[in-house]
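Quick heads-up: it's one chain on its own, the form predicted on its own, in structure tokens.
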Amino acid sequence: MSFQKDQKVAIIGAGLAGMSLALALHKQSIPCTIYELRDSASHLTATGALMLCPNALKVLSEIGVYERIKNQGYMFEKLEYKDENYKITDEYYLGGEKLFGYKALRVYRDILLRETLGAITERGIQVQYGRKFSKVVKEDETGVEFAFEDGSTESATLLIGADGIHSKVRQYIHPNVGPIFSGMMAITSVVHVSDLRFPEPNYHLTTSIHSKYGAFVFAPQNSSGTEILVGTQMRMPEQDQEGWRRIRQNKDELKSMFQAHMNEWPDLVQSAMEHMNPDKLSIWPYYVVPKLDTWSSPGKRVIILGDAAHAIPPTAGQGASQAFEDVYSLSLLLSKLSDKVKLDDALDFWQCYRMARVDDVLALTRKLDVKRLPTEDKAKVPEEVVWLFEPKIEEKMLKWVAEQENQ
């Protein structure tokens, strides 16, 4: 049975991946409903900011979100790596308006969630809150029946899990696979730009300073560039859920971790440690999802994407960006299904294409983690990330569809 555009897609999770998928499907006139376990009040509760590179911003532009957020975040093009004497050792371009049409954008996560939900509401896409997914009851060629923890059931032609790194939908496809702790944890806070002791005027704000204790990052995260995220990462034994909660709540312990070796860091870092806001201290344990051999069930009616399929460490700024690529490429293929373009074949192609992209991003992430990019001419660095920031999703999806139609 071929999937028809007038049939229903059920999306589990109203996070960034789930809501952007709903918008992408709506653009293709494919009906969908989002099921979210949280209530409407807590749904938009989120801390911190995230990095959006040109490949993500192109997707957000296509689904009507970029215009809503572009003036609410901090735009820039590159991250500078510096040594303890503030000498530039590396540069990594996260965007480029001339080359890619977009600068990189750092924006508060709650702003992005709120504006994406605003677009969802304007388009009349249904979000059902307080629906905690439990299990798949039945899957066959006609679709999927699935249940919630309150015992209620729903059915759809496709069930798509966009429910994050601890995905419940993934358990149906991969019952014995769960997230793995990397052994590393980020610890961050915020500081006002006026409290920082810069070594020179017009200092580049998006910077990573390296010493024998690792890297300390400065990243503006509001439109004026006055609020700066500051932080570092460290090795940490894995904790259970309660253990991570205790660490988050113990502000004295977090402050001590954050200010470790303070007097041995350069003065700029010391000023950040001195003036950081203790109420904004936060941790981010790095979990990853093991490489999966498939993102869909054998019956091809249950699919996972985003962090449910491939949680990506933050080094390359591609976690959310790859989720957006997932949803846009999948929505394009679903919109082209026909007697010649079969769902099973489309999903096989989509998975191969997306898995290869994610593998390349993970390789770049490892390169940045281990040795950073080598110092090169300014003009050459952006050329090395063209493959990343210009994925040409629509061109590749439509080329494959044309091949199927011409067979």
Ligand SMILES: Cc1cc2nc3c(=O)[nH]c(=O)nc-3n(C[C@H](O)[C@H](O)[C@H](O)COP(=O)(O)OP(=O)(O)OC[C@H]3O[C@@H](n4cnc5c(N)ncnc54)[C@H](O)[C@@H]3O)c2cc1C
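Not measured: the values here are computed from a predicted model. Note that residue numbering follows the sequence shown and begins at 1.
Another form exists, predicted in complex with the named molecule; not displayed. Remarks below refer to it.
This chain is drawn without the named molecule; in the model of the complex, the residue among Ala104, Ala162, Leu159, Ala272 with a heavy atom within 4.5 Å of it is Ala162.
Interface residue among Lys300, Arg131, His174, Lys255, judged by heavy atoms within 4.5 Å of the named molecule in the model of the complex: Arg131.
Contact with the named molecule in the model of the complex, defined as a heavy atom within 4.5 Å, is made by none of Lys78, Ile88 and Ile187. In the model of the complex, no heavy atom of Val65 sits within 4.5 Å of the named molecule.
Using a 4.5 Å cutoff between non-hydrogen atoms, Leu16 counts as a contact of the named molecule in the model of the complex. Remark: Ile30 does not count among the residues lining the named molecule in the model of the complex, judged by a heavy atom distance of 4.5 Å or less.
At the 4.5 Å threshold, heavy atoms of Tyr35 reach the named molecule in the model of the complex. Note that among 257-265, 96-104, 331-339, 300-308, the stretch whose heavy atoms approach the named molecule to within 4.5 Å in the model of the complex is 300-308. Residues Gln318, Gly319, Ala320, Ser321 are the members of 318-337 with a non-hydrogen atom no more than 4.5 angstroms from the named molecule in the model of the complex.
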